[in-house]
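Below you'll find only one chain, the form predicted alone, shown as structure tokens.
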Amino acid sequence: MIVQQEVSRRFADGAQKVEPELCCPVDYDQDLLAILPKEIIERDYGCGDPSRYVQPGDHVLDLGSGGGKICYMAAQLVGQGGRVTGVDMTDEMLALARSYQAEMAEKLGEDRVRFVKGRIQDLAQDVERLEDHLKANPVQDLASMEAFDRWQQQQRHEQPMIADGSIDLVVSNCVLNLVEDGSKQQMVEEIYRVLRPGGRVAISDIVSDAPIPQSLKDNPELWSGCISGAFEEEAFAEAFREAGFVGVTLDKWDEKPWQVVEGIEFRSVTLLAYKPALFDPTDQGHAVIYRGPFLHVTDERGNIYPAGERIAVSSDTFDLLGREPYAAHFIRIPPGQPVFPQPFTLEPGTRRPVEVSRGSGQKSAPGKPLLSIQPAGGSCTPGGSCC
């Protein structure tokens, strides 16, 4: 709670006057900044530019949207039909962002941006709705407290602030480090919940190159200054993998640290990740070839891909490897003829016989196996050819 109070105080002050210590130098797209009010540009505290990952038609969610800079940049990129939602907990920042909503809607030709009050580790709870409810129904005794708890759970289930599977792209700019350590994994799981299947993540944040000692974590000033709550660089990516994300990539990693505190380097990175689009672990005869240059690679699911070998994959893995960031590294080979689906039970790295892809494979009947499969390393199939 002390951390949360200090963060709110620091950024409330930053909404009233410029706090240069809270941001890193960032090269933003000047064309997108051209129509933004000067006050919003000056009172933005970021360490990267996740807006460059926005695509036309996206529904973008900005975690810790502050004065609205990234939201208003993203709004120009999503175009007509796209939407942008900013989430923040600081009243002063929300007031700053909302004060220019009408002006920006006129410049954009429509109102495609909204700002909501909430905690980024609990995207189901609309805090403004909660505050209004408490004003009308103050908690005065055990019975009213229990009624309030029931109301909260009902709101989360029936009217979540951000609905399940409603977002195309989640962005954030130097905010995840402000969340208490005990809530960080819940925060990442919330990001996963609100993304649609196939949805994307672009998070710019500060990471450390070593574990942060308790003495720094106990310093509220350093915590609100984006230092003490930083993810360790390895833990940053792992948190997203643990939540179920795939294609987790460090797209940007500043060579020069932003700050060095007690010998620990703190730098800006931008992490990209994807929510799997399809869950269909069936065998329908699909194969892929890893292009190289490494001798072999292993994905998040434990699948092994030796370079240059035709490897059997499930239907959902075949779909996944046709998407970013995998697509450029794999040749995808569909079956030559339809193959009856059956559970994918092959060992990782199992080769797919070329007959399946050439079109000579016969359609399997229910309960009957696919064409013969070979483990990586090669052997001759009974009555068949070596591959």
Ligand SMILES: C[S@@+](CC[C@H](N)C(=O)[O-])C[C@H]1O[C@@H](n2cnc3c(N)ncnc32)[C@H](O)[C@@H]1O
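Each residue number is its position in the shown sequence, starting from 1. In this text, all values refer to a predicted model and were calculated from it rather than measured experimentally.
Form predicted in complex with the ligand: not shown, discussed below.
- Site annotation in the model of the complex: the residue of L195, V188, L178, V207 reaching within 4.5 Å of the ligand with a heavy atom is L178.
- Comment: the ligand is not present in this chain, but in the model of the complex one of G118, P160, P220, P276 has a heavy atom within 4.5 Å of it, namely G118.
- Contact annotation: D88 falls within 4.5 Å of the ligand in the model of the complex, judged by heavy atom distances.
- The ligand in the model of the complex is not approached by L169, whose heavy atoms all lie more than 4.5 angstroms from it.
- Although the partner is absent here, C226 lies within 4.5 Å of the ligand in the model of the complex, judged by heavy atoms.
- When contacts are judged by a 4.5 Å heavy atom cut-off, G64 counts as touching the ligand in the model of the complex.
- Note on the interface: of 349-357, 39-47, 326-334, 52-60, the segment with non-hydrogen atoms within 4.5 angstroms of the ligand in the model of the complex is 39-47.
- Within 4.5 Å of the ligand in the model of the complex, a heavy atom is found for every one of K69, M93 and C174.
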